[in-house]
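Encoded as structure tokens, the following chain is the form predicted on its own, with no partner shown.
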């Protein structure tokens, strides 16, 4: 079955760049984009253990008379038959229900703030909620269209990092692109290699990973300069429920705030396919 990527289209220059990143991701991984052009600024996503209300800013409703044509043009130029999602069910007249049976979803780092406020270092709470609840990975788009020529998996030893690594193997198989690993070491390097061995991934790492950087000195922020600018970064993130928000682990926060790369985030409920 062909994997599907869910994309919410914003009919603005920023939205065009985000859709181009989604389309490129699909070209590289063999997925197909499914585009939703919202008619309302809110919708619900019913996940297995949680219902997430997504609040969009008004820019998502920009020029509705041209939105479909603009999205169609981008899809056709890049070799995709346009597929648009039309909600079939509504919790309220202006609150559509969006299905969650996708393989990927693309978001900018925030889907609730105008583009003038969107920048590195800020992930909107709705995006955090989606990452926390979804069984699929979430692609956090760079603010501009940024093709990638390799895949870098951040591996810190957690169960989520193991899932991210398995996803990296899957993306390498589908794309044929080189796969690298990056570890900011807090323990001796052998500890990370023993963990890979205990997860029965040693053979895969030896065969499929081009380079594994284990950095024992320097801060994470300094060492992130070693990540190629033209790589898709895959990493695990986990959240802690607060009253109104969700925070990633401290390393994930730092990575997303420093790197301009497209980021593919594996949340705590992701079901790994290996």
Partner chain sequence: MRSPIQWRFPGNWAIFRMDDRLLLMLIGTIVGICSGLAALALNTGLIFMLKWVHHWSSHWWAFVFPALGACMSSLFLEKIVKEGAGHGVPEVIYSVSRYGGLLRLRSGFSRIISSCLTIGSGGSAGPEAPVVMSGAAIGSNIARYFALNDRQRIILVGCGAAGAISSIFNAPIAGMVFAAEVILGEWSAVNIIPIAIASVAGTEISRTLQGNQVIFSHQVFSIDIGDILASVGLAALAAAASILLTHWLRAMQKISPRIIHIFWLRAAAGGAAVGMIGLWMPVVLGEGYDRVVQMIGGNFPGGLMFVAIACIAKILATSLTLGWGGSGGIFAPCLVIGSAVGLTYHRALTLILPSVTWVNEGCFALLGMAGLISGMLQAPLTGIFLIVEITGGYNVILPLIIVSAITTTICYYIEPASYYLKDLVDRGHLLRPGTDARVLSDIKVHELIEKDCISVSQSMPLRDFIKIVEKSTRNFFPVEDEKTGHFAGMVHLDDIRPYLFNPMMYDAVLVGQIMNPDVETVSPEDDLTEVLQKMDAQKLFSMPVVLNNRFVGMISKATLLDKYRKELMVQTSV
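Positions refer to the first chain, counted from 1. Owing to the predicted nature of the structure, the values given are computational and were not obtained by experimental measurement.
There is another form of the same protein, the form predicted in complex with the partner chain; it is not shown, and what comes next is about it.
A residue is said to contact a partner when one of its heavy atoms sits within 4.5 Å of a partner heavy atom; residue 46 meets this definition for the partner chain in the predicted bound form. Contact check for residue 101: a non-hydrogen atom falls within 4.5 Å of the partner chain in the predicted bound form.
Mapping the unseen interface onto this chain, residue 32 counts among the residues with a heavy atom inside 4.5 Å of the partner chain in the predicted bound form. The closest heavy atom approach of residue 199 to the partner chain in the predicted bound form falls within 4.5 Å. This chain appears without its partner; in the predicted bound form, the one residue of 68, 213, 208, 42 with a heavy atom within 4.5 Å of the partner chain is 42. Residue-level contacts in the predicted bound form: of 97, 180, 194, 204, one residue has a heavy atom within 4.5 Å of the partner chain, and it is 97. Using a 4.5 Å cut-off to the partner chain in the predicted bound form, not one of 187, 221 and 254 places a heavy atom inside that distance. Partner proximity in the predicted bound form, defined as non-hydrogen atoms within 4.5 angstroms of the partner chain, places exactly one of 32-40, 227-235, 59-67, 213-221 at the interface: 32-40.
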